[in-house]
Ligand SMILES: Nc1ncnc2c1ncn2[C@@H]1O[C@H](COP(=O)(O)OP(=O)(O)O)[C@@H](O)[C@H]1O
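One chain follows as structure tokens, the form predicted alone.
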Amino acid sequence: MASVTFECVTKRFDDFVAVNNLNIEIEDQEFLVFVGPSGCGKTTSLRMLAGLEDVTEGNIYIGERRVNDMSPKDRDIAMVFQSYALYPHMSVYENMAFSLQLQGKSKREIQARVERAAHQMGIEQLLQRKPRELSGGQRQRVAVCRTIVRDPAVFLMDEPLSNLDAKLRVQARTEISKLHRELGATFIYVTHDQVEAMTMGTRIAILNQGVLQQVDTPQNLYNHPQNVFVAGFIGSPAMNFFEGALTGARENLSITTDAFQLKLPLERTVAYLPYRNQPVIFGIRPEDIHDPNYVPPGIKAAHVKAEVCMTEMMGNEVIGYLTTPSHNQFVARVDRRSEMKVGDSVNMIFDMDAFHVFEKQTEQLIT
């Protein structure tokens, strides 16, 4: 297995910059997920690593080898595509064995590798079927097995679950995560689905418009987003943002917006003092806003008046869509026992131990 390094990598298509100065080191046996909206450069980054796109500037290394000018077959990688790309005229066994035949492996070794991979993914009974006889989930497993048999240095996966229904995607996420642990291999995975990223990756690299925004563990991305984009991208429903200013003296420093004025905890004011009377963005996640009748113990509670516009009963929680008297809209994830109804006027509880403040101009987190 091997590490992967992107060193000042840029990819241009004529005047369009798809990836801009990407620098990231992916450790041996790591499961790194590239995530971001459509067009952010995540698949282009993967394709450059695979050798399917040329690098305009910079260097890519697999282990100690610079691979910019290597052909894909010499890079010791295996890739699972979104479309699975199975040969329709071949059986599952033949699809899995084909690359090994090209490498000149013996029939005995090919059979051993295919059977071992099929067992790992639970498709032993499908080996003689053709792709048209398989369900979407089964095709996805075959595509993964086809990479396993090659025993590559790096596994690349480009949105391999996007064609599956919701239930199969949950199952497939578990299978791929388990496979990563069993193989002890380096996995690099591309998705636009933040749930996949948060549940599978040991680290996540968030891209936007070709620029790396932040790379960190799922928990750190959630708790310590470095800018407004990351804060809004990670978490579902997304973080609520309110434009305002920091006002008052140190002992009474407050966030003041059109919707509310909330006093900040004294222990958190030191970092914000240099930004008094400057425009900022106040962010708070929906799960840190509570129904006043079901407030968790021990939080620093602040009251915000709002009207309920819509609710969604999710079984384990209620999603509330609310608006303030100044027409600022926000979302709350509240206790499933909540009885909020459309049209109710409520004093929602903001947890003042769990908020973020960003500079308005740069949209960077103030720490």
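Keep in mind the model is a prediction, meaning the values are calculated, not measured. Each residue number is its position in the shown sequence, starting from 1.
From this point on, the text means the form predicted together with the ligand, which you will not see here.
Comment: the ligand is not present in this chain, but in the model of the complex one of I24, A18, V357, V346 has a heavy atom within 4.5 Å of it, namely A18. Contact with the ligand in the model of the complex, judged by any heavy atom within 4.5 Å, is made by just one of S338, Q29, T324, T43: T43. Just one listed stretch, out of 308 to 316, 64 to 72, 30 to 38, 329 to 337, contacts the ligand in the model of the complex at the 4.5 Å heavy atom level, and that stretch is 30 to 38. Of the residues in 137 to 174, none comes within 4.5 Å of the ligand in the model of the complex through any heavy atom.
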